[in-house]
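Starting off, we have a lone chain in the form predicted alone, written out as structure tokens.
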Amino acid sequence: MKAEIMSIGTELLLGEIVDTNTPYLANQLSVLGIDLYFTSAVGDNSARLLGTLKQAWDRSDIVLTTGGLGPTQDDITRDVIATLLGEKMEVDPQLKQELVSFFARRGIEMPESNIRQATVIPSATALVNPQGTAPGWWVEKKGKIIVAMPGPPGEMHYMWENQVLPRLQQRTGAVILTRMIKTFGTSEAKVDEMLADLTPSPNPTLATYAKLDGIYIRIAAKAEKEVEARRMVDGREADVRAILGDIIWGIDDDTQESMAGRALIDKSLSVAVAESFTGGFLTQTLATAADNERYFKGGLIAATGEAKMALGLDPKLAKSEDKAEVARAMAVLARQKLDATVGIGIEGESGVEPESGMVPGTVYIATDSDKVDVHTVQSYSGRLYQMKRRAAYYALFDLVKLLKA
């Protein structure tokens, strides 16, 4: 089966948003064993979209589109598909009622323009979208398939995983299972090098991805029966774990905050945070984690020396150039002020590289506890924006390792 992906929306061509849907779908197609030959981005112009869609229809077995399913006049994907296939769109009463209910649950009257989102053509089956107002289309005609999905990634991912993927799996005649192994503290190139002996395997396959919270390794296995696919995935995961060891922190839906929370709960411990330089990224991460009320006491955010002194930090330390010692003192302060058993302190500094004009930074992360034998400071360097965002994950990764030691 040959596939093609089309991302629809003038905002893509203007660079106003970055297309993350195409790489996501390309990855998903590779797992299914479906060949992807072409991708394209098309603006909200009926003639150009029709021409591009016709070309895709003529040369591919499956065409996946994202975007253009909204209620406004420039959302033209449905209209163009109908024109291509020579079919008339009509309002589906059930889809219309679902839209009315969607708005009613939010206490909002549905605009008349949203009714166009309830239209279908004879060759289309509506794909339910509980994440938004735009149903998708699964279109089959003359042995070919067009799948039209919403543009917002959250809506598209849900529709793909729950409605499109299962349909395509049936067409491939095989069971495909995947598992995502999550690592931290090692570069993508190094992880790829460590797994070099495993990556040539065509089944199960390995692929690495760089994420904000580490490097992910996706294992995918294809077999005629689920039990065989699962056996292959389990076996390859064991191989990966034997090689990567303790840089692995989780799998699949695990998050670093959930893993840290689990470790704290298991030991009946609690954590508090005092942050400078990072502006509260760790506090926000922990404050939005599931069950955080069972282990997270809170966060103190101080951007200046004066603010640190107001929180109770020694005036000499508050203005000290020894950032590692400041981080250590902030960890103790967080633990004591918020009555936690573990305190984390984050401090940092930045400068400018004359040659490149880039702004690198160094983050100092300290962990202090009166319940476990922990009192360490780790420092990490990198580009300023990356370090501020990733400092939360460095802190959580180190915390989990220390609590498991």
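Think of the rigid core as the biggest set of C-alphas that the two forms share within 1.5 Å after superposition. Since we're looking at a predicted model, the values are computed, not measured. When you see a residue number, it is the position in the sequence shown, counting from 1.
Below: the form predicted together with a further copy of the same chain, not depicted.
Heavy atoms of residue 307 reach within 4.5 Å of a further copy of the same chain in the predicted complex, making it an interface residue. Taking the partner from the other structure, a further copy of the same chain in the predicted complex has no heavy atom within 4.5 Å of any heavy atom of residue 369. Proximity of residue 283 to a further copy of the same chain in the predicted complex falls within the 4.5 Å heavy atom cutoff.
By the criterion of a heavy atom within 4.5 Å, residue 42 is counted among the residues contacting a further copy of the same chain in the predicted complex. Among 203, 72, 162, 288, the residue placing a heavy atom within 4.5 Å of a further copy of the same chain in the predicted complex is 288. With the partner omitted here, the residue from 253, 293, 193, 226 that has a non-hydrogen atom within 4.5 angstroms of a further copy of the same chain in the predicted complex is 293. The candidate stretches are 342-350, 63-71, 361-369, 25-33, and the one lying within 4.5 Å of a further copy of the same chain in the predicted complex by heavy atoms is 25-33. If you fit the rigid core between the shown form and the other one, you'll see the Cα of residue 257 move by less than 2 angstroms.
Once both forms are overlaid on the rigid core, the distance between the two CA positions of residue 105 between the shown form and the other one is 2 angstroms or more.
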